[in-house]
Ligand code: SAM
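We begin with a single chain expressed as structure tokens, specifically the form predicted alone.
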């Protein structure tokens, strides 16, 4: 490894993972095979990257920081299965990845949610995702109906994946230590979300509208979002869902049924 370490940039939300035990736990959780391709978002100084390169056929690492990109290029100059890309993960062409790619990433916490949705737009390219996230976000991914942490992110992720919270990570495992707790989640892509026809944008619109006013009934929340009242009434009836219920009481599968039943003009 080169001696000149790039300094973390606060503007990019950089917190470099330094604990080798956590790296081993992530690799074990990913259950990687030698013939697989891994997408790593935000490799940082490469602490996890090296372990990934030793475990699989190809590692595609996407780093937005050009200084880190130069450092990684020097550090891994003799590692021939690393495909380093310098650029914004929010603009990366995930469609170009091979089917069955595994995502392993310590996501920047300030943009973790939009990256999650970008990844799941291309979920047919991925088999599973192992992600380091802020603990609060990780808990929202696995939250069950009825709880305060259950919301549109919970419904969306559970519609497209089977999420599980694997373990938490203390701030001392990073440099610099973040001010929030961290957790690693595993998201197994739901195969039914790949087979069944679905309009993701329509589904997300219904879910987000339903949760926009958590204390209101489904009927009122959907109306307040500007959806056609007649379409709402017909959709709720066709889905067999009472309009007097609140969004937090519906399961992800009920939201799928509701979204399919509501036909907007």
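Remember, predicted model here, so these are calculated numbers, not experimental data. Positions refer to the first chain, counted from 1.
Another form exists, predicted in complex with the named molecule; not displayed. Remarks below refer to it.
*Asks:* Would you mind picking the one in 145, 181, 87, 114 that has a heavy atom within 4.5 Å of the named molecule in the predicted complex?
*Replies:* After the contact test, the surviving option is 87.
*Asks:* Note which of 227, 236, 32, 62 lies within 4.5 Å of the named molecule in the predicted complex, where distance is taken over heavy atoms; exactly one does.
*Replies:* Checking each option against the named molecule in the predicted complex, the one that comes within 4.5 Å is 62.
*Asks:* I need the one stretch from 34-42, 199-207, 228-236, 212-220 whose residues put non-hydrogen atoms within 4.5 angstroms of the named molecule in the predicted complex.
*Replies:* Every other range fails; the passing one is 34-42.
*Asks:* Whether 103, 160 and 187 jointly form a contact site for the named molecule in the predicted complex is the question; each needs a heavy atom within 4.5 Å.
*Replies:* None of them does, since no heavy atom lies within 4.5 Å of the partner.
*Asks:* Contact between residue 17 and the named molecule in the predicted complex at 4.5 Å, heavy atoms?
*Replies:* Residue-level check for residue 17: yes, a contact with the named molecule.
*Asks:* Using a 4.5 angstroms cut-off on non-hydrogen atoms, would residue 47 count as touching the named molecule in the predicted complex?
*Replies:* Although the named molecule is absent here, residue 47 would touch it in the predicted complex, with heavy atoms inside 4.5 Å.
*Asks:* Looking at the partner-bound form in the predicted complex, is residue 151 within 4.5 Å of the named molecule by any heavy atom?
*Replies:* Output for residue 151 is no: heavy atoms all beyond 4.5 Å of the named molecule.
*Asks:* May I ask you to state whether residue 130 is within 4.5 Å of the named molecule in the predicted complex, using heavy atom distances?
*Replies:* Judged by the heavy-atom cut-off of 4.5 Å, residue 130 is well away from the named molecule in the predicted complex.
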